[in-house]
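Single chain ahead, written as structure tokens, the form predicted alone.
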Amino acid sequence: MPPFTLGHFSQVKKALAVMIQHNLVKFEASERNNNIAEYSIIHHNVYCLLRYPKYLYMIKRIYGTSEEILLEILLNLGQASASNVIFQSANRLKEANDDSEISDPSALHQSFLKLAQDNFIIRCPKLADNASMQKVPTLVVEEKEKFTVPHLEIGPIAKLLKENATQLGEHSDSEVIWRVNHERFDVELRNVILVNAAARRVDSTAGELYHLILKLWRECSNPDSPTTNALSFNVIKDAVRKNEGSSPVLLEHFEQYLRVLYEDTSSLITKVGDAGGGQFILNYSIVFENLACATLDSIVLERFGSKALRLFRLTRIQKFMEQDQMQNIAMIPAKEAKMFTYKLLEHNFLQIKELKKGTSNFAPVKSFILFHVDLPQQVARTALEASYKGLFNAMVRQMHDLTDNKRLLDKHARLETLLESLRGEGLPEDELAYLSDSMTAAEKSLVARIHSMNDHLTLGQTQADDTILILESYLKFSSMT
């Protein structure tokens, strides 16, 4: 290993500065010595780098293109002032429009206000008043200021855009820095999973109603609480009537859809009272336990088969079971039952508990071996670790395929761009076919196979991320209860 030099030290400082800028590392004064800073990785923020495409798609779907560009600029910068983000976004829109028109910064300002108002972006802490007296500065932010955008001077930004400036320079809010609020996006991604679960369980109209109810719960409840505040039947009905996007089917059969949701065994909605036509809550711990169980059932089915799933599900429901009980109730032959039981035990999907029963001080001790499913402490964590490994393997395989075939893929991309350009100019099809033959049939087949594999790996990463979100949410809410 080469000796550590001052050059290496400066590179370490630059790397730390970049990671702090992008909210991947935090620092605080050491407990042993207040004059020394200790740095630690924010693991969740590092993992959220993989979710940035989902963030952008979500914001575009909820708001539009302007908000998506604002968020993309902020993600690229890590931390930035509102004026800087608006200026950079306006330049991006200007380039996209081929300089035909200058984007109005006041419209982008309104879009920025929407993102802050809905908590998708949050203020970064600033230096405390006594920071100058400390070797390791303390950063603080007041609760009431977290989502408050200060007054911005839009005129100077518009003037710089007209002058085709590339840098904003000094501005009024340069000390008010913003970043992406990952916790808010986690809540929204969690809600997407719940809405999709309702739609799969019943139909798309039930998913539409559930999405509306989740909005009402978000307005009146803390998203980190294991249970929401109660909503009355009348409040939900009024919200459905006032919602402009409500489908005619939902308006006509609202009561039936609500009844189906709260009577369903998935517990997506729980009825807790009859006042005001009925009181309804969402118990996150129960809902995500059911989703986690469904996810684990799917994993067991894919890895070990339907008979293993029958044993796993039976043991989970019955809490504790002996080997003979399992094979008799599951109606599986003794040999197969033992084989699947020990396979599940080997892969940590089942756990054993030994009970000893002593009849006397001199007689041998009789023991009973009971199988059970330790869902939060063992099974869910094992599946979560496997999901992380699967996600990493898919990413490595995708990168390997794209790197090894980079030259061929670049050649194919250039050829497709050329053909598209010539087709737009009206070149005859026979000449286009001649140009297309510059790639052999074997090369075209390989490119198609690479693209197909890439699509499958991307889909696998998305599904692994959904599994991780479900299991993490389950572990989070189960620890609260």
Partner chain sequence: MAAPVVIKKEKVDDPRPSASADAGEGQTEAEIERRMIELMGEFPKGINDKILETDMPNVDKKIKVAILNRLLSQEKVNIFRAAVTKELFWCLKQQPTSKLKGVDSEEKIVMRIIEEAGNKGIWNRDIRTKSSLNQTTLNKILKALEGKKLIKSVSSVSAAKKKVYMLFNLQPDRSVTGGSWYSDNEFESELVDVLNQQCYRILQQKAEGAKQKPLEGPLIVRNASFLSSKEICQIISDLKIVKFNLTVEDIETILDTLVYDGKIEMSATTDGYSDGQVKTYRTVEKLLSSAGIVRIPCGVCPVIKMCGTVGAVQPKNCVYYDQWLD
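Positions refer to the first chain, counted from 1. What you are looking at is a predicted structure, and each value in this text was computed from that prediction instead of being measured. We call the rigid core whatever largest set of C-alpha positions still superposes within 1.5 Å between the two forms.
What comes next is about the form predicted in complex with its partner chain, which is not displayed.
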Exercise. Pick from 240-248, 69-77, 386-394, 145-153: which stretch has non-hydrogen atoms within 4.5 Å of its partner chain in the model of the complex?
Worked result: 386-394
Exercise. So in the model of the complex, does residue 406 come within 4.5 Å of its partner chain, heavy atom to heavy atom?
Worked result: no
Exercise. Is residue 347 one of the residues lying within 4.5 Å of its partner chain in the model of the complex, judged by heavy atom distances?
Worked result: yes
For this session: Although its partner chain is absent from this view, report whether residue 401 comes within 4.5 Å of it in the model of the complex, heavy atoms only.
Result: yes
For this session: State yes or no: in the model of the complex, is some non-hydrogen atom of residue 314 no more than 4.5 angstroms from a non-hydrogen atom of its partner chain?
Result: yes
For this session: Give a yes or no on whether each residue among 65, 165 and 218 has a heavy atom within 4.5 Å of its partner chain in the model of the complex.
Result: no
Exercise. Of 263, 129, 354, 95, which residue is found within 4.5 angstroms of its partner chain in the model of the complex when only non-hydrogen atoms are counted?
Worked result: 263
For this session: Taking 4.5 Å between heavy atoms as the contact cutoff, choose which of 377, 306, 367, 222 touches its partner chain in the model of the complex.
Result: 306
Exercise. Even though the chain is shown alone, can you say which residues of 173-201 have a heavy atom within 4.5 Å of its partner chain in the model of the complex?
Worked result: 193, 197, 200, 201
Exercise. Does residue 454 show a Cα shift reaching 2 Å between this form and the one not shown after rigid-core superposition?
Worked result: yes
Exercise. Residue 301: CA shift of at least 2 Å between this form and the one not shown after core fit?
Worked result: no
